[in-house]
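For reference, the chain that follows is the form predicted alone, supplied as structure tokens.
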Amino acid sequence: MLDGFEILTTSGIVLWRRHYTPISSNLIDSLVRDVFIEEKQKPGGGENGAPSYKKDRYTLRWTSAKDVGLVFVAVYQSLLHLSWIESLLTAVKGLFTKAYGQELKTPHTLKVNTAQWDPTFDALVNRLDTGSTRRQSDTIDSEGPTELTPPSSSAGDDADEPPPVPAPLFRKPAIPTKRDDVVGDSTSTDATPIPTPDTSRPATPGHAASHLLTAKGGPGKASRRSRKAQTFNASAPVSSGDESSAGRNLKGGAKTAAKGKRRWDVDGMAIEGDDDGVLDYSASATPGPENAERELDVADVNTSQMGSRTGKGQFVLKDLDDEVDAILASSSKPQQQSNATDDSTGSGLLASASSRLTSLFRNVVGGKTLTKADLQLPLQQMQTHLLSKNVAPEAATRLCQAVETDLLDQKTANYTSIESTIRDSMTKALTRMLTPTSSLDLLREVTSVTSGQGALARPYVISIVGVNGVGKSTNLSKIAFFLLQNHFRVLVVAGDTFRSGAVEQLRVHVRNLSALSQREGVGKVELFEKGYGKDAATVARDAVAFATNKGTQAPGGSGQMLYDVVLIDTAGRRHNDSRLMSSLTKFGQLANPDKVFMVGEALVGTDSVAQARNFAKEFVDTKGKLRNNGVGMDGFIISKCDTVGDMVGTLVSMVHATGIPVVFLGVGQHYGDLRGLNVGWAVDKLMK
């Protein structure tokens, strides 16, 4: 794990530092004195890696930016092997010089305001440190007990602590009574065990008994294990917390009562004392005064990692990973070129063996007209590479055919191998496929519709569809958070009237989003729901009418719309079930959404082609024609992209099957984990 990181000038002024553990200032002083000033110790490390310096039990690795006069130093224990430190130094150097380089180049600048650098550095460490040495973000400069359960994305700082682990409690066997009824704790004096001195009590918490389950005694011969347990318990000291077990009727007394119904609250805790209450799944979504305090427990979302505001005040999505990947890729190019130079100077058996292994790609140097025979084997290997990236076979075959058509009878450039020629052509084919042919500026379309430019002002309607379990409700909440940051009034519609808990799930999301929006002073969000068992298409139509302020249900009368955006959730369904899929046609005609987004998993594999096609063909208008100029839907949301690494072939498969672009990517479980698609990023992952 990383112990510290410092950014200082070549003159010794510390501009920014982050210490995770107490570190002596002598470490940095010794580095500056021994390496930079007196040059007593030459820097160690690899030829291409960041130089290192060892002092006491620490290793210091650093890099420098000579144009702005900065030195970046990472400190960690010498016993650890942190392979990601070099990438961290490279990324910090690129991002910090980009953010503060112009200010540092100003003459007589001794101090810069680096308050905004903290979240950027934390995001870099969380992204690069993915191994077993990863440090939790709440352990900076603090010591405390290890947290056994991970924090919830919706729980705040004041959330209840998890119950303690139950400790073993020694019990004395209960004395059977001749009475038929069970004797209570407060009415029996014979069954109460004799209190023992405090010195003989076992070191167990007094509340541990509430977490233990004791077996019921019964007639018949006890097992060997039971007899051993009774003998062991009889010789054990008695705790003062054993009164609850006294008076147990081992010979079969009164009949035990039936198990009561249990109810759970939104935080997963059992609600006591309301066993006779009726579960009302269609209660009002408006939080009452009883849970008003609970809204304040929602953790804040760092919007600076999700996006940034433009000069016009719009909040647009960004992806820090794109910038970091570009910096790391640019820093690795000189290393790759030097490795290629070293390989070219090799000779002997090793060099000849390497040339044979790569002969399929490098046997043709520039100036040759490519034939089908020249491209056959290299294209087969390229197709296998695409399949390993989770691209569907149908899409991989089409891409290779496009490359073959592009390169056939073409003359290669001078000093260019078949490998680089095919890679360049495949990169162009992937870029051409993933690049949308129409504008994906959602904010501009929402603003145009809600402001009434060229037509009557009305709410902008977005519908989310997809198969079961892909994350429709979660991604709908992320989009709602994104729209709230742009000060829109959002109405979330519980259109999933089939799955148990679907309405409650959206109710929790709306409660959290409402608390966040009130805290930050951005937008407004509410839930529209009619419980379970209703027709989803009718619920969606009524929600749009309510948001438009039509009819008598609207509290403000007709004329001025109540909400800017309507987000409609739908029930998950199997794409190969024609009975379930047919209801989407009625839903699309009654709700008449402006955008229909399908959520697809990055993990789904080759089945994504059938899913995309079957969902797209269901959205037809009253004349039987596919909406959106014959493609059915408007965009894809690819969820769980943070779980597949560079195997992002699902993007290619779904776009190839329908021609519908990818609009958003889900990269986590928090409200801020939503990104826009960067085509260059996806192509680099596929060609890696």
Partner chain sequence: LSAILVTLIFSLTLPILIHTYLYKRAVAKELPTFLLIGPSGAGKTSLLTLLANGTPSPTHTSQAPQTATCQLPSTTRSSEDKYRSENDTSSRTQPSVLLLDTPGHGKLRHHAIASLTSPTSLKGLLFVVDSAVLSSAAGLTETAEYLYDVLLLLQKRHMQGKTSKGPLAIPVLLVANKQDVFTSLPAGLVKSKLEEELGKVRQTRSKGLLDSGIGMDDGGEADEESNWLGEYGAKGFKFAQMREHGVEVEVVGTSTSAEGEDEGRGRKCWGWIGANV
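Take the two forms, superpose them, and find the largest set of C-alpha atoms that agree within 1.5 Å; that set is the rigid core. None of the values given here were measured: they were computed from a predicted structure. Numbering follows the first chain given and starts at 1.
As for the form predicted in complex with the partner chain, it is not shown, yet the points below apply to it.
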One residue of V32, V620, A65, M647 in contact with the partner chain, assessed in the predicted complex (non-hydrogen atom, 4.5 angstroms): V32
Could you check which residue among T421, N486, S517, Q383 gets a heavy atom within 4.5 Å of the partner chain in the predicted complex? N486
74 to 82, 106 to 114, 401 to 409, 571 to 579: which one contacts the partner chain in the predicted complex at 4.5 Å, heavy atom to heavy atom? 106 to 114
State yes or no: in the predicted complex, is some non-hydrogen atom of D118 no more than 4.5 angstroms from a non-hydrogen atom of the partner chain? no
Would L443 sit within 4.5 Å of the partner chain in the predicted complex, counting heavy atoms only? yes
Taking 4.5 angstroms as the cut-off for heavy atoms, does T21 touch the partner chain in the predicted complex? no
Taking any heavy atom pair closer than or equal to 4.5 Å as contact, tell me whether F528 reaches the partner chain in the predicted complex. no
Just give me the residues of 662 to 676, first to last, that have a heavy atom within 4.5 Å of the partner chain in the predicted complex. F664, L665, V667, L674, R675, G676
Core-aligned C-alpha movement of F619 between this form and the one not shown reaching 2 Å: no
Core-aligned, is the CA shift for L110 between this form and the one not shown 2 angstroms or more? yes
C-alpha of A682 off by 2 Å or more between this form and the one not shown on rigid core: no
